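Okay, here we've got a single chain as structure tokens, the form predicted on its own, with questions on binding and movement later.
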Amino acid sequence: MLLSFQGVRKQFGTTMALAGVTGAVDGRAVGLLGPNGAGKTTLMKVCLGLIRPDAGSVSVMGMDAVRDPNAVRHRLGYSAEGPGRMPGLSGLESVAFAAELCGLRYREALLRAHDMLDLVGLDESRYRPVETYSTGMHQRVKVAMALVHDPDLVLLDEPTSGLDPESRDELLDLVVHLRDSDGPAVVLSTHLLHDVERTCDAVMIMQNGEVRFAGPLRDLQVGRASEYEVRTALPTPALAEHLAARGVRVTLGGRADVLMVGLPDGDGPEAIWAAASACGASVVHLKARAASLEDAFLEAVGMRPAVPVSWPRPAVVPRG
């Protein structure tokens, strides 16, 4: 497994940042997903050995991050959230300095810095002072610094924060390139669902210092056995009302003849057929609904609301 946690706890004063994190996840690009304050940054720093947990075990690529943090850091790259500039250095000097800190000799560090700046799209700005960089350029130079020593895994903490749409797309394209190449695996920490959906093949969802889901993205978005898309030959308000009266969650699916039906646990599609028969509704399409990432995320963190029935009544046209 790329990352594995068992009972990891960390408390700062009265704040419980990690409340017994347990889970394991593997993949080429893993999204560490959760709202601000969920514990994502703390967990990344625990993986790096920068923070020692109060309890629990942490395995990174099979290595014990608590007992041997130096070995883990040797194989990891890290792009922290926030500016982290080194004033007075150019982009090239910043990346080369990071390489030297990781043990590369000066000439090798300089050559690697050139390669990494080409990779992240800063080839024409490599000699400019980092103080003159835009936010997007600075995020990219931080990624170059994280990659320069050829790590096996790179941790990116909120790399698209504060970026304009074009810069964000360019950075996400870079993550996709890393995922699909023979370079390092990526852990992308973010609170933005779109970033994970676009770049990642696995996800770990955190809420209040706990892991709510860990695994392949496709497993999070499987078709839900209890949720169905129902299309009728004609709009049939009575079907929605009949199901709602039985405590079934029913919402419109964007068209008057389409319903999204969430059945209670234990009920199967036969309950929909029975309701349609009782109402005289002609069902022409019924299938299990695949979860969107937003639906799956809200369900994982226990925030998915129950939406009441909303059925458009036809306008009454007076005769004559």
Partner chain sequence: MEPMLVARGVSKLFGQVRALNDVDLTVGPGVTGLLGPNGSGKSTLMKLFAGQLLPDEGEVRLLGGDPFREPRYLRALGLCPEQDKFYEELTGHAFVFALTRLHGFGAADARKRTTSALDRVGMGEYGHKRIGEMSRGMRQRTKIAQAIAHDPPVVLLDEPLTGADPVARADLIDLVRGLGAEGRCVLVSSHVLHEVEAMTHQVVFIRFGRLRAHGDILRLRALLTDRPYRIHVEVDDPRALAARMIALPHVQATSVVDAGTLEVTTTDLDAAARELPDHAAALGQVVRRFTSPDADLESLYRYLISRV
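Positions refer to the first chain, counted from 1. Owing to the predicted nature of the structure, the values given are computational and were not obtained by experimental measurement.
We do not show the form predicted in complex with the partner chain, though everything after this point is about it.
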| message | Even though the partner isn't displayed, in the predicted complex is Asp118 close enough to the partner chain, meaning a heavy atom within 4.5 Å? | response | yes
| Close approach of Arg218 to the partner chain in the predicted complex, 4.5 Å, heavy atom | no
| Taking the shortest heavy atom distance, is Leu110 within 4.5 Å of the partner chain in the predicted complex? | yes
| query | Does His191 reach the partner chain in the predicted complex if we count a contact as any heavy atom within 4.5 Å? | reply | no
| task | Determine which one of 205-213, 99-107, 229-237, 243-251 lies within 4.5 Å of the partner chain in the predicted complex, judging by heavy atom distances; exactly one does. | result | 99-107
